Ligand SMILES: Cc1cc2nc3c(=O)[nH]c(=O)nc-3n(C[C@H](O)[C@H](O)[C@H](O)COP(=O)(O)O)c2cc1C
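Shown next as structure tokens: one chain only, the form predicted on its own.
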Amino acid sequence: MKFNNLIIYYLSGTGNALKASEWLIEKASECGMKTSIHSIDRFKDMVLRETNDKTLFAFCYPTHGFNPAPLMLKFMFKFPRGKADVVFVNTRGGLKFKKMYFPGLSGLAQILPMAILKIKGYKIAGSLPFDLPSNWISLHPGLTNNAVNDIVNRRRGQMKNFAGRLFKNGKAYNYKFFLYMPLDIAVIPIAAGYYFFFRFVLAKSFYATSDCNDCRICVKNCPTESIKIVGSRPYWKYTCESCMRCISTCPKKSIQTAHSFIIPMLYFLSVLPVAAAIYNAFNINIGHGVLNYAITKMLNWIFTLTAVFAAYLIFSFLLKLKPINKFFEYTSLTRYWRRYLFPGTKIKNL
């Protein structure tokens, strides 16, 4: 074996990255390697585990909007310099329709972490874009149990095969890393838009219906500490990463995505000529071209995020009124959609 020590750092919202990490650990143990696995939930200080010259670091994390999960990205930026080998496993939203399987896309979720750790001196031992069942139920209905089980059974063997090659040869890449690279590069503008703008909007789409019993499980288990109690109700901060843990583990299923709030508001804000109004008010003429486009976009984004924040405060206050709360509950698509946790996963495991 090329390695005798495997250290895994993982971030998991609903269990996918956790299970990928556990499958890696199982294969490493079969190969006689020393192993350790560490969640980075709510990490404050960097703690580097004991290493040697045959240590392999593995980073397992979700893909959020064609990006590495922001908390994992922050963790990587703080990770100390070194010369060990590193491997990356980014879980993506796999789907199944009838007998057809559909992969997700990585975007920057592989490229950016590889660049960060390479600059820090590490050797890239491999990567695996890993298509486990999609958990993004704010944007689509949850998968059926049969679809979830079929996807999981396919991926278990894939992970064991990848890990076997990695531990034996010292390097391993999945063909999807190369096959989908042109598409991953093509969606980089979307990934940038999500990272710098839309993830903050999505964070302000969650709310608790009148079924909430103030158990505060969501507050205690949020991996980014992004939920606080305001007026005895959960309130989502901009640091929310839409990992779906809260919405999928709420025992009352009271947490919803407010589609009837966020979609009309975004449409309304998108048609307001904010930048043009500012230019006219201050008699500014910055001309045309790339600079004008960039400044216009920035002004519109700043205004939209500010407006979303203000509207969410009002929205949260109005939810105290039961008729309004019920209106948004029954017009939220997530009320009718399935939740998702990796099969067999409990909130205590995360």
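All residue numbers are counted from 1 along the displayed sequence. Everything quoted here is computed from the prediction, not taken from an experiment.
The protein also exists as the form predicted in complex with the ligand; that form is not presented, and the subsequent description refers to it.
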item: 188, 124, 266, 105 - the one with a heavy atom within 4.5 Å of the ligand in the predicted complex; value: 105
item: Contacting member of 76, 86, 244, 143, with respect to the ligand in the predicted complex [4.5 Å, heavy atom]; value: 244
item: Partner contact for residue 200 in the predicted complex: the ligand, 4.5 angstroms, heavy atom; value: no
item: The ligand contact at residue 93 in the predicted complex, heavy atom, 4.5 Å; value: yes
item: 4.5 Å heavy atom contact, residue 17 and the ligand in the predicted complex; value: yes
item: Residue contact check: residue 194 to the ligand in the predicted complex, 4.5 Å heavy atom; value: yes
item: Per-stretch contact check against the ligand in the predicted complex, the hit in 314 to 322, 297 to 305, 36 to 44, 57 to 65 (non-hydrogen atom, 4.5 angstroms); value: 57 to 65
